[in-house]
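In the structure tokens that follow, a single protein chain appears in two forms: structure 1, then structure 2.
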Structure 1
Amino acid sequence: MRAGEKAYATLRGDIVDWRLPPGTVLAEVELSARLGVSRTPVREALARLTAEGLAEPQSGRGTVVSGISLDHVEELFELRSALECRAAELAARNRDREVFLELHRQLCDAGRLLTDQDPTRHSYYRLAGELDTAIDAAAGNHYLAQALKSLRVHLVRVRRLSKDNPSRLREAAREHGDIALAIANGNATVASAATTVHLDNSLRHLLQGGATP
């Protein structure tokens, strides 16, 4: 792997997983020593992180990990809602019916995924991610997919703001199932509405300190 790519991936992971909390100073010389590469690829990585909004230039000198708080979450969800509702509408028009029926079946059955001893909820989040991927693919819009991709980075960070809550995750799985079913049925209006409902529930639980996938 290229050194610049490695530096970027490492820093991005560290920021998203809160190993580098907001406000952390990203000094080029220190990072190049820690990551074992020279300053040039580190600079490239910092530029990419800044473009994504994960880092910010600090008063014209230096770079710091960008802050994210519950104040920002409402704005983030407003954008998310706009993008995901539209994606769901487009997906409902162009979808492969069988794909979303299968996702619907799996999501209805997701309760089992949450009863086992998987503390990271890995299998659940993977299924939710598959729904996102399927919607992006069915929507067939490169620009929309790109906008959603850059948005999801921030959403992963936000997820760490609060603890997972099994009962909320089960509700969320059901809501995801509603979305998948509406898309399978080719009903754009219902798909958009189900997405709106899901995001509103997620946001409220998140602001209450509950779980919000």
Structure 2
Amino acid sequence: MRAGEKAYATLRGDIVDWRLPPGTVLAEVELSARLGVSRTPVREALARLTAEGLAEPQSGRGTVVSGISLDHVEELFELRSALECRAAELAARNRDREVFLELHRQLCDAGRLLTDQDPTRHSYYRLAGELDTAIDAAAGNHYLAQALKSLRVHLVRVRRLSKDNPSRLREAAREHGDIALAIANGNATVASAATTVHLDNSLRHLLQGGATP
């Protein structure tokens, strides 16, 4: 992996996982020393992060981790709805039925993943991520997949502002299961509608202080 790619991947992960919280100064000299690379790859990484909206220039401070607020979450969900509903429709038309039937089975049993032994809900979010990946692959639209990938980074950061709600996550798992089943059945209209229901419920619970899968 190139030095610039490595620096970018490390910093991007640190920002998304809030190891570098909003407002953190991304000083080239310090980052170069921490990552063990020269300043040039760090500069390249910061340029990419800025282009993605994860970092931003700030007068007198240089580059900092960009802020994130629930004030803009409705705008994110407007875009999310347009992209994810279309992806679900395309996936339903091009799907591997068995892949989505298996995801449906796992999502219907996802309650077992929401335990006190996994307070970060990593196992659950990984399963939800597998559904996203399967939908992107079945949709078969490179540009749509890239747009969703960029959007999801910001959604993960937004999730950290909210409080996990196991009850809501169980509902969300069932909603994800409905999406997977509609795609497995090849019903584009139902897949889009199920996606809309899930996103509407997620937005409402997020704004009320709940979790957003």
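Sequence positions of structure 1, starting at 1, serve as the residue numbers. The shown structure was predicted, so the numbers you read here are calculated from the model rather than taken from an experiment. Just so we're on the same page, rigid core means the largest C-alpha set that superposes within 1.5 Å between forms.
Chemist: The form predicted alone: 1 or 2?
Modeler: The form predicted alone is shown as structure 2.
Chemist: Using C-alpha superposition, tell me how many degrees the smaller rigid part swings against the larger one between the two structures.
Modeler: It comes to 14 degrees of rotation for the smaller part.
Chemist: By how many angstrom does Val37 shift at its CA between the two structures when the core is held fixed?
Modeler: Superposing on the rigid core gives a C-alpha shift of 3.6 Å for Val37.
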